[in-house]
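Consider the single chain below, provided in structure tokens and representing the form predicted alone.
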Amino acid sequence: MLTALQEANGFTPEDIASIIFTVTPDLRSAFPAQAARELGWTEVALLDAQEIPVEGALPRCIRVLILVNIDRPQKEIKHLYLEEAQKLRPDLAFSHRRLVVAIDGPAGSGKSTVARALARELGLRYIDTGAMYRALTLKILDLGLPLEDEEAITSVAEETRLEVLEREGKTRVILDGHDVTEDLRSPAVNAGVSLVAQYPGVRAKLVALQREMAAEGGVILDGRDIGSYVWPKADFKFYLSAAPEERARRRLKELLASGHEITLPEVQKQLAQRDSLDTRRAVAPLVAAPDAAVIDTSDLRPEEVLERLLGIIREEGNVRPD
């Protein structure tokens, strides 16, 4: 456990101020501090203590509290729960196990808002896969290419460099070395992204990148085909939906807040067109994975949706297979 905590968090023995070990009363001859000495941590202050009996407490349990001198945000600290102790905090246990969560749904269903909040809550990396298709669409529009020219667009996709990075707690999309995050929600991009995303060559390029990020673990990916196509073996799969009218109102509010001039009927028309393209495309259409938890967000606040997702993860987390 000591070496696993060290490897997960990257600290050295010199970073450690002290370690406190506690053991439950049924471990009468346990001296876990001896393990630290055997590791060669001879300069670290150690304390062994026995916990008081508590009815219903987890039996035969050793807890370790390591106090370290490192400059790192709390959300980046990785906890470690072994065996039955995973039942205490399945959300943190999964974080150490490199959890992968897939959140799918149509535009305006609230998946991006909830995915970001869930990532913060669990200390995981958030990846907006839709932003990757938006970035490529932005490039196509800037190049002046017809959105119907599949061959040209596929060629551009193959030569494009895309990165999704975390900077100062925010997700940034880097297109060919330039941060284009603030330009991805324009009406022009909204109108063209589903057409660009339907081309098999485009999806092949971006899905390969998304699978690389999922393989690293410790991520929450939102999109339209994550649980069904990009990463079917995700630990948890969610599909968020909402009534078309509510989705249109949400998207209109977002666009107006960004300074775009557009009307509700125009937004409704765009969403209907996107839904048609997304659900009917030949490769990886928008669909709920058979084993996804489907949640209608029409009448729910984002924090209520978040609590539902967390509830499912915490309820099922201690029985999910490795």
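Each residue number is its position in the shown sequence, starting from 1. Bear in mind that the values here come from a model prediction, so they are computed numbers and not experimental data.
Keep in mind the form predicted together with a small molecule is missing from the figure; the text below concerns it.
- A heavy atom within 4.5 Å of the small molecule in the predicted complex is found for exactly one of 205, 250, 116, 185: 185.
- Contact with the small molecule in the predicted complex, defined as a heavy atom within 4.5 Å, holds for exactly one of 266, 48, 278, 51, namely 278.
- None of 222-230, 142-150, 238-246, 171-179 except one has non-hydrogen atoms within 4.5 angstroms of the small molecule in the predicted complex; the exception is 222-230.
- Using a 4.5 angstroms threshold between heavy atoms, residue 130 counts as touching the small molecule in the predicted complex.
- The small molecule is not shown here, but in the predicted complex it comes within 4.5 Å of a heavy atom of residue 107.
- Although the partner is absent here, residue 122 lies well away from the small molecule in the predicted complex, with no heavy atom inside 4.5 Å.
- Put simply, residue 164 is far from the small molecule in the predicted complex: not one heavy atom of it is within 4.5 Å.
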